[in-house]
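The chain below stands alone and is given in structure tokens; this is the form predicted alone.
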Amino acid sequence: MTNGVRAKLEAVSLSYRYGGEERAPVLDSVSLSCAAGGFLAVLGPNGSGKTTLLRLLSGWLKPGRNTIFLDGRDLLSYNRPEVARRLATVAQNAQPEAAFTVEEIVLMGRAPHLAFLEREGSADRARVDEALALTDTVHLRRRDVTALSGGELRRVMLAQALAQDAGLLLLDEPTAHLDLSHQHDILALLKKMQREKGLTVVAALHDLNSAARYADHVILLDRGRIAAEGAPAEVITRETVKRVYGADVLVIPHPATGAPIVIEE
């Protein structure tokens, strides 16, 4: 896992507004490119447009034509099953309403690979077992998802996305509600799958230090526009954090990796 085809994602001058034309855009002329097998972190203060960007990239919000390209094709030219075989998402506030078990929820990730009315086979269940193991949720497999804690549910929804076996994974705040140990475990897992399996990762992150540690490329949004982009060390600087977040911080290199570390003054 993953056996999905490595996927490339691009956006060209992407803009979006909620409501009529008189409303200010939430995103304004945002362009990005995430190479197949890359790890892109999307950063920015609350309200900067991170969630809207990921919803557009996943197709849940409808972009304009010829603004988002998945493997070189206009995202709007794919049907939903085609998208789902290439791209999996983990939303920020995913909350299953029905009383499914964890195992059933994760098994739903296999749906894009099944024909109409086709039942899951042994290979599908093996994918589910692997996803549960990777996310440390095996012990939850018989639990009702509506009874899980926020952190447990985050890991279960990630397991579902991994079971989907797509080449591209979009995650909105994947470490929200997780304790420190599981925050590290999840991001380290994503990094390992990127390096060893060719998984392409695009993640909206709140924590600058996590982005610096795990991402190859960073985009920093500010009020719907790109304020800075590049390698983590190029974007996460004292001056940029002050300009975008209004925070006085120290930024020092990690003694082992050289990645920037943000420390409050």
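We number the residues from 1 along the sequence you see. On a predicted model such as this, the values are computed, not experimentally measured, just so you know.
Here the subject shifts to the form predicted together with adenosine-5'-diphosphate, a form of this protein not shown in this document.
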| query | Even though adenosine-5'-diphosphate is not shown here, does K50 get within 4.5 Å of it in the predicted bound form, heavy atoms only? | reply | yes
| query | Is G64 close to adenosine-5'-diphosphate in the predicted bound form, meaning a heavy atom pair under 4.5 Å apart or at it? | reply | no
| said: Just checking whether P45 would be counted as a contact of adenosine-5'-diphosphate in the predicted bound form - the rule being heavy atoms within 4.5 angstroms. | reply: yes
| message | Against adenosine-5'-diphosphate in the predicted bound form, would C34 count as a contact residue? Criterion: heavy atoms within 4.5 Å. | response | no
| query | Candidate spot L76, Y78 and R80, all three in 4.5 Å heavy atom range of adenosine-5'-diphosphate in the predicted bound form? | reply | no
| request: Within 4.5 Å of adenosine-5'-diphosphate in the predicted bound form, counting heavy atoms only, one of 64-72, 226-234, 22-30, 207-215 shows up; tell me which. | output: 22-30
| adenosine-5'-diphosphate in the predicted bound form - contacting residues of 168-184, heavy atom within 4.5 Å | none
